[in-house]
Each structure stands twice: as C-alpha cells, then as structure tokens.
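Below you'll find only one chain, the form predicted alone, shown as structure tokens.
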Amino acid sequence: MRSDYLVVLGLLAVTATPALAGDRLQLTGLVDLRAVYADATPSFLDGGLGRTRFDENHDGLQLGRLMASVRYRLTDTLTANAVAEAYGDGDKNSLGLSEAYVDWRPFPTHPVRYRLRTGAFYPPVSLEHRRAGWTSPYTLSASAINTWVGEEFRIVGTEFEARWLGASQGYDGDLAVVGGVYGWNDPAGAIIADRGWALTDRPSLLFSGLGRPRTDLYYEIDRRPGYYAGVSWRHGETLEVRALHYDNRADPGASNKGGDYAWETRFSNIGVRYEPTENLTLLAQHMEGKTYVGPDSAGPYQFEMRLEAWFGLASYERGPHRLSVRYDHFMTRQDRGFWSEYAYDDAGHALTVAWTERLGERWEVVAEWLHVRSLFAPREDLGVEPRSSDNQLQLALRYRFHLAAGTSPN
C-alpha cells in the first residue's frame, strides 16, 4: 500500500497548490475510504469470476477511490479536462488517467448550441454518473450496465453534439443529437465474455488494464474507426430521455503480433430519468447488444455472444439524507464459441440499497448493501460453484473538495 500513500500525499499537495491563473483553473476531487465486509466469490479484480468489487479476502479497511478532476479554461469557449484516479487494488499502475479531452463550446448565436470534444472520455450512456469524475450521487456500486461501460469503453476520438435550446421558443427543455467517431477500443467485449456482468465502482484507466490476469483495453488492431449516434430530450428539470447506438466496427478476424484479436461489439441503450418532485428521482436503463471474435474461417469456433441488461433505481433525498434502491437484471447467451466444455451463458439479478448522510459541504458517509445472485458455469474451472449468492457491505467515508483558482475551498 506504500504507493497508495504516495498518491494520497500527491493529491493533497495538489489541493494545497496556490492559484496562479485567475478563475481559469478548477479542481474537483474525492478521497474515499472504505470499511468492507464481503461474502462473495473471488473477485475478477483478484483473478476470480465474481460480480462484486471486493470478496471475502478483502474484508476490512480499503482505499475506495482517490480522484482529481481538473478543468482549465484555455479561452472563453475552449477548455481542457483531465481526471486522475487511484485505487487500492494492487494494479500495476496505482495512479492513472480515466479521461483527458479538450471541449469546445462556441457561443450560441441562434437556438442551436454546438459542442465538440476530442480526446478520451466516457460515451454518453450512464444516467447514474452525474457528479464530477464520473461518480454517482446514488450508490457506491454502479449498475451492471454502467459497470460494463466503465470497465470496457472509452471514446478515444471526437464527439459532436447539436442541442436545440427550447427557451428560445418559450419551452422549458431541449432536444439534442450526438455522434462520435473513435478508435483504440477493439478489445471491448473481452471482459464481459470472460466473466459476465458485474456491479462495481472500479472503472478501467487509460494506460493500465483491469483484472488478473490483466486485460488491456485501449489499443488499435484493425485500423477501422467505430462510431456511436444518439438523441436526448429534456423536459424541464423533471424528465430526461436518452437513446444511443454504439458500434466499434471491429474486424473480428483481425489480430496483432501478440495474437490478440479484435472484438466486434455493438449495443443499443435507452435510459429515462424522471423527477416528479424535488425529493424523488427515478432512473431506468435498458441495454442489449452483441459481441463476437474470430475470423469467418474459424466456422463453429468463432465466438459469438448476445447480451442484455436493465435496471430500475429509486432515490429519495430529504435534507442531508438520501436513500437509494436499485434492482438489476442481466444475462448473456453464447450462440457459438470455441470454448466447448462449458457454455458461457450468464444469468442473474442484483439488489442494491444505499444510505447517504451528508455531514457538511465536503464530508459524507455512505452505507451500501449489494446482493447478487447469478449462474455462470465457467466458475467450475476455478473450483467454485457455478450458482452463487454474493453479498457485499461497504461503509464509505468521503471527502469532496472543489477549488477555483484564486479562491478558498467551497
């Protein structure tokens, strides 16, 4: 854990750095310490096929997350953004970048506002992750859908958005179309095929892999760009609807010198956020897609898998208290594959209950119980029962900070 302590000291040093550039620099951060109790099959992060971040070998105090999100205004319309993170799971790189991009938002001169960003960032899929650094105000563990997005997907490319501002016509809402072109995401699909779905708050970093043995995720194999396209509609502060289709257009027959194949992965996602009152938030998302790998000449040994997941979340906030409950359902279906001993079908559901207590402007405590039931035959290869019932309890003490250059912490 020595490297984790060095990272803590480094981030704390950043927060103490004096402002030098007017109000151009903004720094938002999170220090998250956990007490963990888990009765769960061995975690994927530790060489197993479990669905939770922590297992019974990681009870006790853990480093949940260290995060620093930096935003620097280059001009009135152009900003540079980066998110640095550290986790206490013994990965090769204790500290890394999860996002780094430039964002251009020209001043609107008519009812349509444009946005262009280039670099590395998350695709616009999650309705849970509404805080800086792709964090959630509702639970510690993400849904199965958004765990997978955080684990295997990062846009390394360019996104363009055009948003019609309804206020120009007296309408309290807006309508947007978005599209992106990217590369360096050919391995996407490898983890969900190997392990199935999971519910964690451990996304991958750009320059380090995930799991043991390590799976690297952001490199190019076939030199074919992928794309995504979507629409969103917002009605006041009450309703938001998003739909998006993602296709990395990978050539499943292409491989690199190391023998790694590209995975052709595509999915469609739709999500709804509804806030009927100022205290209640309701979220729902549904995703279905497909991933496959192997050249056509492989015939029946080409691996092909369908996948589907959905969740519903209700969160009630009153003063400093917030209660959130989420139900997840997930499955994969192997249609064909070169693993013949066991079919890599996955089926399961999960219940998450989280209580958040704000202790002030910067401190909060989050208690979460996560229960996952699933059936995944390949666990037998590791001497584990294929049907599992996993439980994870976490108590997190979180410190959030926000600094703007030339000011004291808010």
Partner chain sequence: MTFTAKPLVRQCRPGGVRLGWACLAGLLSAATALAGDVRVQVLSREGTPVSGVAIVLEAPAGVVRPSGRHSAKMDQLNRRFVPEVLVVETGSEVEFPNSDSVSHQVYSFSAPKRFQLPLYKGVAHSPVAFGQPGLVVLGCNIHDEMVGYILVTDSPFHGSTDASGAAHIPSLPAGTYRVSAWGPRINDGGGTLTATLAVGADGPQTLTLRLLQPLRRNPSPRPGRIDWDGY
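Treat the numbers as computed from the prediction; the structure is a model and nothing was measured. Residue numbers count along the first chain shown, from 1.
Keep in mind that the form predicted together with the partner chain is not shown, yet the notes after this line are about it.
Quiz prompt | Distance check, residue 195 to the partner chain in the predicted bound form, heavy atom within 4.5 Å | solution = Looking in the predicted bound form, residue contacts with the partner chain do not include residue 195, since no heavy atom lies within 4.5 Å.
Quiz item: Does the partner chain come within 4.5 Å of any heavy atom of residue 138 in the predicted bound form?
Solution: Although the partner chain is absent here, residue 138 would touch it in the predicted bound form, with heavy atoms inside 4.5 Å.
Quiz prompt | Non-hydrogen atom contact residue 288 with the partner chain in the predicted bound form at 4.5 angstroms | solution = No.
Quiz item: Is there any non-hydrogen atom of residue 58 lying within 4.5 Å of the partner chain in the predicted bound form?
Solution: Flag for residue 58 set to no.
Exercise. Pick the stretch from 326-334, 304-312, 68-76, 244-252 whose residues have a heavy atom within 4.5 Å of the partner chain in the predicted bound form.
Key: Single hit among the candidates: 68-76.
Practice problem: Could you check which residue among 103, 159, 220, 260 gets a heavy atom within 4.5 Å of the partner chain in the predicted bound form? | Solution: Answer to the contact question: 103.
Quiz item: Looking at 208, 118, 281, 98, which is the one with a non-hydrogen atom within 4.5 Å of the partner chain in the predicted bound form?
Solution: The residue in contact is 281.
Quiz prompt | Within 4.5 Å of the partner chain in the predicted bound form: residues from 162-192 (heavy atom criterion) | solution = 163, 165, 167, 168, 170, 172, 174, in sequence order.
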